[in-house]
Structures are given as C-alpha cells and as structure tokens.
Ligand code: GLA
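Only one chain is given next, in structure tokens, and it is the form predicted alone.
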Amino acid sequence: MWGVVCVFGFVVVMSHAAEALDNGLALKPTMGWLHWERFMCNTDCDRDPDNCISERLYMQMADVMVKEGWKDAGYEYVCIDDCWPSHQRDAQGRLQADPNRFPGGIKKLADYVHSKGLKLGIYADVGKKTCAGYPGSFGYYETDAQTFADWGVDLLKYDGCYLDWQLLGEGYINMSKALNKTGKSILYSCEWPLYEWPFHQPNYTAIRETCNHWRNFADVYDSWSSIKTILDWSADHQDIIVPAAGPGGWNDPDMLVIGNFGLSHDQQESQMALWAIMAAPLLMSNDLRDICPRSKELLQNKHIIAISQDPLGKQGYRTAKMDSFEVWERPLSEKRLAVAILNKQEIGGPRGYLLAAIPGWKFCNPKCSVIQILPQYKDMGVQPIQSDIMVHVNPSGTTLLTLTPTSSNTTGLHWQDMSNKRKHTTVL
C-alpha cells in the first residue's frame, strides 16, 4: 500500500488528527500496570492466593509501584482486567465484585490505591457478557458508568465481546456519553476498532472523538512472534492509524510483556523502544513483586519514557524496511527526532547500520547531535550529514537514538515541518 521511493524520497501531507475526546485525559500516552497477560483469569485463590484475581493482588502491586520507583517513573494506573465481578448483578442491577476475592468491594480498593497517589482502572464489556463470561454492560451503560464513578474508578478498559459488530459503534459512544455524564474524570480505553477490522475499516474520526485510546489488533502474547506480528500490522496500517493519534487519543498495540518469560533482553528492549516510538500506552503486564533488575531498569529508563511522553504528541511510524532492518521514526518537540533501528534477523551476531541511511538523517544539515539511548546510553557527539558512523544492532534487538539538528536546515524541510508530514516507507 506504500509507494516505493528512495531513501531521501518525497513527503506527503498527513491529514490532521480528528478532534479528541473532550475529557481532558490522556494528553500523553497512559502509563500503568494491567493484570491480563501475566495473570489472566486466575480465580483460584484457594490454590494460588498470591496470583489470583483478588483485591490483594492490586494492593500489593500498588505498594510495589510506590516503593520501587514505578510511580516516580510515571506509571500511575493500577488496572483490573476481566474476571473481577460476581456472576450476578445486585438487586439494583449494578455490577458487584466477587465477594470472596474482593471482600472490601471496589470502592475500598480504589480508596487504597488513591491513598498511594495512584489511580485505579477497571474492566467491562460493551456486549451482553465479558470475554470470560461475566456480566456485560449491554442495556446497563448508564448504570455501570455511574457505578464506576461512585466507586472512584479512574480508567475503564472496555472490551467488545458478545455484541454484533454493527452495534459496536453505538455501544461505545453510549458508554462514552454515560461516563461523561457522571462528571467523574474516567479515562476511556476502547477496543472498538479491534472488533470492526475483520468486517470493514473502522471510522477513526468517530473513535478518536469517543475514546482516549483504542486497541486495533490481536492480544499480545509473551513471545517475540507476537511482538513482531503487532509491529507488522501497525506498519502495514500506519497510513490509517497514525493520523488518528495525538493528545487525548492514542493507538494501543497492547501491553508491555517486559519482565516475563518469553522475550530475550534484546527483544524486551525492542518492545520498549518501539512502543515509545508509536506513542503507545505503556501498560505493563508482569509481576512487579518479582522482576529482574535489568527489566526493571529498562521499564524505568527515563530517556525512553521521555520519548513516550514527548509533549509534541506525534505518533512515530516505520520509514524504512531493508535487508532485515526496519527504521521507525518519531518527531519530537524542539525539532528533534527519535529513531529506532530494529534488526529483524534472528541469526548471527550484531549487524551494522549507517546513520546516513536513516531516512530522517537528511535533516541533519549540516550536522546533528546524536544520543544513543539503547542498548546503552552514549553521547555520539555531533555528526555531519556525510557521517560514515555506523551503529550495531543485535539480532531481534533495537538501537534507539535521538537526533537534534545543530542549526536550521535552510535548504530543506525543518524538523517542525516533519511533525506534520508523513513519508512513504523506504523499501530497498
């Protein structure tokens, strides 16, 4: 779907983002922790009390997030996913937490999380049932929105199971209106486009007006093949999804699985770097009570988080694909550029990539200051546009850089222009 152009090819005007959901939230990509990928629907608290879906799990995660520097790094939401409710609504038709696993109820849990200076997220479904078979919100949108507001919930992850896809838009819009009607600031995380893509191209203008972020593609798994599939889908559809992203509304490629079992450290670095380039919500799904120091250091890396949270609010995208390399670039504030060079080859050793082969390098005229963030932080100094410097990228790893022009480029586009325009992917 992308034209094939040379490395220093043409640019095309990128359409302006649609109007964002006007609730003042998600002005930068959301950061927090979400239980699903790591803990799934484990409700057996008799046999596995430390890992079951219970109020204890979220209280412990909140404690760790404060004690171990996660809150200070910017992670602020503690999010419940599916399998928290009772199988029956109460006599007033309201959702209620499973009384054995959440004996204090969600209001008590929200109060606890808030006492730590954090925010609580919860899960529900636009359809008749949640994906795991618990009560859905169909026919109860206003009731459920008010219930979540009364409990002090700060984020709603809203799934799309058990509803005819042709009714999805109406359902998501109705819940968005119901949330706003409560007067409580509740960040709205949708899965609307995920359930529409099998049938037709979703209306991202309507989605952005309705949701603070939205899932487009399949659930992430704890595997490199899953990460690659998500990246491939995102790149293949970037002309559709990138223009929709910006302050107040973001594309969500799903959870960070860093610190679990399936990714090598290089692959963990690749997920962290590419999620930051894509301006994705950084919602970890791991066990913060028992995480290796190297994964913790990566997730709390202030330089990567600064790219994720950059105030310009532009989503990055793939700009080159060649010889088992991919280059992804994200315009940043102060006319800077973040660049991720991904080595998709999974055999051999580190491979070299010329700085001058980065599509955005043409803006380093006459020179750029180059900072390497991954795999190790390193100031690479000021490099001329004719630089022959090469970075080396491990198999399935990523080198993450920031480029800052040392003076204005008087012969070409300025960095600021690049934030409003979009290049064709380079295929060599």
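Owing to the predicted nature of the structure, the values given are computational and were not obtained by experimental measurement. Each residue number is its position in the shown sequence, starting from 1.
One more form of this protein should be noted, the form predicted together with this ligand, which is absent from this view; the next part is about it.
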item	value
Within 4.5 Å of this ligand in the model of the complex, all of Trp36, Asp82 and Met255 (non-hydrogen atom)	yes
Interface membership of Arg330, this ligand in the model of the complex, 4.5 Å heavy atom rule	no
Partner proximity in the model of the complex: Glu191 to this ligand, non-hydrogen atom cutoff 4.5 Å	yes
Any non-hydrogen atom of His213 within 4.5 angstroms of this ligand in the model of the complex	no
Lys157, heavy atom within 4.5 angstroms of this ligand in the model of the complex	yes
Contact stretch among 237-245, 110-118, 128-136, 143-151 - heavy atom within 4.5 Å of this ligand in the model of the complex	128-136
Candidate from Tyr123, Trp250, Trp275, Tyr172 lying within 4.5 Å of this ligand in the model of the complex - any heavy atom	Tyr123
Candidate from Tyr204, Tyr195, Tyr317, Tyr353 lying within 4.5 Å of this ligand in the model of the complex - any heavy atom	Tyr195
Contacts with this ligand in the model of the complex - residues in 219-251 whose heavy atoms fall within 4.5 Å	Asp219
